[in-house]
Structure formats: structure tokens, C-alpha cells
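As a starting point, one isolated chain is supplied in C-alpha cells, in the form predicted alone.
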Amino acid sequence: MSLAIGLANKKSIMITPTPPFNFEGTIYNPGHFPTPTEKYEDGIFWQTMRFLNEEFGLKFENEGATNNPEVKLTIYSKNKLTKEKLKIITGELNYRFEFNRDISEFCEKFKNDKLLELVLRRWKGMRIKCGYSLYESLIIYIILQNATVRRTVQMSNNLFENFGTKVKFDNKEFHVFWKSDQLNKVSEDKLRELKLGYRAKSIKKVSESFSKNEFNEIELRKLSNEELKKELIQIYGIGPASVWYLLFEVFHRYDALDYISPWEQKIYSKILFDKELAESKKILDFLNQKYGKYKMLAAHCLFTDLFWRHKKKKINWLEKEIRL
């Protein structure tokens, strides 16, 4: 087992998100797939980050309130951070965690909405965050395909143990994602030995594309929804049914909702109509007509609120849908 790299240098700054901002609801999503890159405990969130060809440790601490938010960010690194590098990192985190995004219009517009009223009371200021790069998100999506939670955790752990970098900061140990060219140099057969099955080919193809810099994430952020779809659909394994996940989670497009997966269909049926199963088209039409340009943000709030309530007190019907 490899020894962890110590990230001994640290730099702390204060971030003032645009209010309203809900720290817990934004920074951690209990419904997301767990990886050994992060941990959340009572107002503190730790995460690793591979960025600028380096490994970093991040610690976010809530030091404010919904209407007067303050987040203490501590960045841990192997080498001392220059002012320029610190500026670039915080700029990237502002994008990934949406600290500067103003969602006051959404909160005000739907504060008395039948479905969102209580959710917004609990989570006013919740927004979408994606702590991963586009490449890292794609790897997660691939291992999530057609597998139980137990199976995906096994595949994830195998990949991180074989290709990830172990780091230590703030007296904790985590893994950092590998570079895309690391997996590009590994054979598909080697990947299959890690019990990835058919996913080995997808991971190999995606790693090859990103090691060749075929997709520039920063430039992709500047595109319109339709332009972005055309670019993302060129990534191996990404089709019309999955591209919208990327638009919303990685590129923060609040109106991106074109597809409902079968397991999500059951959950939305219960949340929206209190039914065992409603047609996907009915769910999509309902969310579009009711929430318009905010339809995916509204769906995200409803979904995340449900998983937070389940985390605090088990919801039996939901437990059956997400069982290991």
C-alpha cells in the first residue's frame, strides 16, 4: 500500500457567497455516489482536487447564515501557493460550488409553491455543485451504469487503489483522482481485471480523449445549451439520454431536464404525484410547465431534500428504491 503524500502547506481565505446561500444543502448531497475523495461532518466538508497538475486538499467550513453567508476555505498543498495560483483555484471553486450565483429570484418566485414551500424553508439558498472536473464526472457516470451501489463502490475503490494518489491533510487521509493519461497508458484488459466489465472500454476511450485534450472544459462552459450538447455528444458513451446530466451537474444549466431514468422516475412519481409510477413524459411536462427555466433546479431541490430527510430518518419506500 502506497504512503500518503503530506499536504503540509495551507492557506485560508474567507469566501462570501451571494445570498441566500445554504451551506449544507449546497456543499454536500447525501444522494450522490460516495467516493474516497471527500467527507462531510457537521458544517465541515473535506475534498481533494487534482488541478493545475497538482494534488490539493480542500476544507470548507460554514461560518455564516443563509442571508449572511461566510465560508472559510483552507487549501492544503505540497508546495506553497502563489497569489496567482490561489486566485485561479478559488475562481475554479467559485464555478464548481456556485458561490457567486444569484438564485434569489428562484427563491422568491417559488416561496409559496405547494411543492417547494417547505423545501425552501429548510434549504433556502441551495444550489447545484459539482466538485469534480468533467473528466472525473464522466468516470463516475460510467461506473454507475447498470450497477448496484455496492458494485459501484467496489469498482470505484479498485480504481482509486490502483491509480489514485493518496494524500494526507488536516489529520485525514483521502484519495485524489488520477490523471487521464495514466489510464490511457493502461490496457483495457488490465482495467477489466479490476472487475469493471464492459465499462473498461468506456473508461479507456474517455481517458484517451482527455489525455489528447480533445475537450476543453473551460471553453465548453461558454457555449449555449444546444452548442454544448453537440460537443458533449461526441464523448464516447455519451448519448441523448445522458447528456443532460452533464449539462446540469457539471455545467450548471438550470433548465436542462430532458430525460428521467427508470429509478428516478419512481422517486419523482412519489414526490410529485404520490403515485407508484407516472409516465416520464408526464413528469417532464409537469416540471417544465410549473418551473420553466428553473425546472432542473426545482427538481434538484425536491430530490436533495428527500435524501436529506431519509438520512436523518429512514423513509421506507425510498430505502427500497436505493437498496444496496
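Counting begins at 1, following the sequence as shown. Source: prediction; values computed, not measured.
This protein has a second form, the form predicted in complex with the DNA, left out of what is shown; the following refers to that one.
Contact check for 58, 125 and 310: none of the three has a heavy atom within 4.5 Å of the DNA in the predicted complex. Shown alone here, residue 321 lies within 4.5 Å of the DNA in the predicted complex, counting heavy atoms only. Although the partner is absent here, residue 213 lies well away from the DNA in the predicted complex, with no heavy atom inside 4.5 Å. In the predicted complex, the DNA lies farther than 4.5 Å from every heavy atom of residue 112.
At least one heavy atom of residue 235 is located within 4.5 Å of the DNA in the predicted complex. Only one segment in the set 91 to 99, 139 to 147, 72 to 80, 173 to 181 has any non-hydrogen atom within 4.5 angstroms of the DNA in the predicted complex, and it is 139 to 147.
The single contact residue among 195, 185, 87, 230, judged by any heavy atom lying within 4.5 Å of the DNA in the predicted complex, is 195. Shown without its partner, the chain has 235, 236, 237, 238, 239, 240, 241, 242, 245 in segment 225 to 253 as residues with a non-hydrogen atom within 4.5 angstroms of the DNA in the predicted complex.
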